[in-house]
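In the structure tokens that follow, the same protein chain appears in two forms, which are kept apart as structure 1 and structure 2.
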Structure 1
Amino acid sequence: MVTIKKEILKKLEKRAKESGSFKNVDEYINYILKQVVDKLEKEKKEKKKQKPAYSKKDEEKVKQRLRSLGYLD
């Protein structure tokens, strides 16, 4: 069970109707969510290819800075 804000649901219903390509708003919401998830997964894969998530060099820099800001001993 997912709760959607009333104002967003109204907009989705309107858009689903206007497009004429969907049986109902449920189908339209599923379509949108699939697009979003596919995009996010694609972005995640591309990011992984680009560079390691946490580099040792950045980690050392941030550690020093967090110490001087009083976050780390």
Structure 2
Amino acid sequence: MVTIKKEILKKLEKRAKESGSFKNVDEYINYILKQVVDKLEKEKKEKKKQKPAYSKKDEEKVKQRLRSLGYLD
């Protein structure tokens, strides 16, 4: 069971009714939650696909250069 604050529930009920696409507020809330979860999962997949801006080798070169300049110990 999920508890929803009254003021939020009232807004959701109003939006569900205005849309005319949902039988009740429960159906509308489930729709919203599915949209959010789907978006988060898609973003997670896309993030995994992204390659780092630079390789480990490049990172080590930068660290060596910063050490030689006295910025790193």
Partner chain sequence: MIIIFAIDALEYEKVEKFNCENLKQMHYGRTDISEFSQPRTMVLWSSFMTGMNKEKEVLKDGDKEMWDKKWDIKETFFSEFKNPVVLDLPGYSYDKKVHDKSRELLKKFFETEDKKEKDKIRKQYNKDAFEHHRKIKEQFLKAIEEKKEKHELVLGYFSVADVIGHLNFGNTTIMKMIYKELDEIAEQISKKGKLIILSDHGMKALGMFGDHSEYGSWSTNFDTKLKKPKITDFYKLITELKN
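All residue numbers here refer to structure 1's sequence, counted from 1. Computed from a predicted structure; not experimentally measured. By rigid core we mean the largest C-alpha set that fits within 1.5 Å across both forms.
Shown as structure 1 is the form predicted in complex with its partner chain, with the alternative form given as structure 2. Core-superposed comparison between structure 1 and structure 2: CA of N24 displaced by less than 2 Å.
With the core superposed, L66 shows a C-alpha displacement of at least 2 Å between structure 1 and structure 2.
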